[in-house]
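The chain below stands alone, shown as structure tokens; this is the form predicted on its own.
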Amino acid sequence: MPFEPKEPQKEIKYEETRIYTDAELNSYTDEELNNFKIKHAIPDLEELENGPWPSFVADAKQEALHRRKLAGNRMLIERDVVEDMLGQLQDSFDDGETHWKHGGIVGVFGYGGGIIGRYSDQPEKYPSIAHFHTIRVNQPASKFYNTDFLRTICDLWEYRGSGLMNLHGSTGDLVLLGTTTEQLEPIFFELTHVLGQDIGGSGSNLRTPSCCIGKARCEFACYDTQDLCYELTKYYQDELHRPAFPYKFKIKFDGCPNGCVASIARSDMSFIGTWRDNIRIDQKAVKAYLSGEVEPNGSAHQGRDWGKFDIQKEVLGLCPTKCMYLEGNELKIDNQECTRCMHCINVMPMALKPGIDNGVSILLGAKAPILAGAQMATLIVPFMKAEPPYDSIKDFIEKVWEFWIEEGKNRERLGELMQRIGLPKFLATIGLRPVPQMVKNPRENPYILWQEKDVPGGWSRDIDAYRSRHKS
């Protein structure tokens, strides 16, 4: 059953919302673009245009030329905004430091997040980027857009902003780069009233939840990532737009252990689809792989002769727990030893599929900051069903938040709090019993300090009597 939003969606028709004519959108030739020079010397940036890879510098120059060609009354911020941005970036290359000021509070009425204030520390030299604020726009689940929406938002940003966009930032949002303070409220009005869009999260709050493509296009999805992402986004609007946390909090949804949005590496709370029954096996398809009738890896490795498919080398030998084996031409799996790594399913997708008793594993504490270093998530809930209205998931989220808000220091991510207080205390506080799946690696200290309440029957001991028998 396809995912459908729970409220009517406004249909956008570009011919009714467009700002620019076709002539204005196609106002320069390839020759003009090839010969175009911005008003600042940017030798280091132009080096980034060389080589086989796409370059943001080339894209920015294209936008700068487009703005040169537009009439002055067809833009509501300075024409030179992109050229000044590139000029300041060259200065940053020359000086070895950024020329954006740190901080600056700016936003729209009623919201505490979604707008990142950005100001140049060289406003006299680059006046058109004295203000260069960023707006995060809450992306739809799995980032499905139609062209009418994209054309409309591009026109809006050309008119009221720099025309530079980022699809998509690591948080997940559609990011609009560069506008002035005066344009923020009009842009917010257009986004909400014309496009039916909300702005995303920034600051010490819930960041915009983000999910993989899920059951919309993927046969491996173990739960409806789009529906859960949509539900939590709508349900936690206050947490998304009105900062009240010690620091930012990211939730991401992977439909299966392949982890296409890398939730395990870059979200404070990661939902990864899994199953608790057996991997489904089609033995007829297994024989087709063994005979070479079907290509492995979904034919993804075409274009080179890799030789005959070797199931021992390419599947059984790479199983991390060695839980798979062949009996004749039949594939057997000791599912109690399976860690759901997805490798065998990826190599033989026609023969193997995830089980049907599906749910999510919940992991906590990942982050990927540049300065303090990355941290992978810790498995906290090995399995939980993920079915509407998701009450058990909401209860768990709120338990975690309650503890983090109470105990977390300012600008301390959830994973840093877990490291600081230790996993046993964290689990006890949120009401979970330890299970083996939570262990990342064996203990380095072989001694266990038992608490009296943890030992059936307890014990009685006299420390003075003990020391009398074990004198130092």
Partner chain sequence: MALSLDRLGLYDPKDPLKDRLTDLGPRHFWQYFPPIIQNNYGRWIYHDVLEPGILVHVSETGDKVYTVRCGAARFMTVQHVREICDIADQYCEGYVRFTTRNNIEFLVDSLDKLEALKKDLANRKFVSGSYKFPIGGTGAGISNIVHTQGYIHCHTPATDASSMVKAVSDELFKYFQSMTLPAKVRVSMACCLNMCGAVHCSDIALLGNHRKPPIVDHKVIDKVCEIPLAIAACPVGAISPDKTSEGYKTVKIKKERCMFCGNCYTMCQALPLSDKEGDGVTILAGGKISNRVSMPKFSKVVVPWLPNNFPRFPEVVEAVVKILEAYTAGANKYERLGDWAERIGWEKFFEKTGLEFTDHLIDDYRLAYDTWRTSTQFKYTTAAWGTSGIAGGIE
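Under this definition, the rigid core comprises the largest set of C-alpha atoms superposing within 1.5 Å between the forms. What you see is a predicted model, and the numbers here were worked out from it, not measured in a lab. Residue numbers count along the first chain shown, from 1.
From this point on, the text means the form predicted in complex with the partner chain, which you will not see here.
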Residues in which of 221-229, 327-335, 397-405, 381-389 have heavy atoms within 4.5 Å of the partner chain in the predicted complex?
221-229
Just one of S291, Q302, Q283, Q312 has a heavy atom within 4.5 angstroms of the partner chain in the predicted complex, so which one?
Q302
Residue within 4.5 Å of the partner chain in the predicted complex by heavy atom, from A244, C323, V106, L318, is L318
Decide whether L432 counts as a contact residue for the partner chain in the predicted complex under a heavy atom distance cut-off of 4.5 Å.
no
With the partner left out of view, is K39 within 4.5 angstroms of the partner chain in the predicted complex by any non-hydrogen atom?
no
Please check if F188 has a heavy atom lying within 4.5 Å of any heavy atom of the partner chain in the predicted complex.
yes
Examine A130 and determine whether its closest non-hydrogen atom to the partner chain in the predicted complex is within 4.5 angstroms.
no
Taking N278, I362 and M438 together, does each of them reach the partner chain in the predicted complex with some heavy atom inside 4.5 Å?
no
Output the sequence-ordered list of residues from 136-161 with at least one heavy atom within 4.5 Å of the partner chain in the predicted complex.
N138, Q139, P140, A141, S142, K143, F144, Y145, N146, T147, F149, L150, R151, T152, C154, D155, L156, W157, E158, Y159, R160
Determine whether the C-alpha of Q419 shifts by 2 Å or more between the shown form and the other one once the rigid core is superposed.
yes
With the core lined up, does the C-alpha of G72 move 2 Å or more between the shown form and the other one?
no
Shift of K308 between the shown form and the other one at or above 2 Å (CA, core fit):
yes
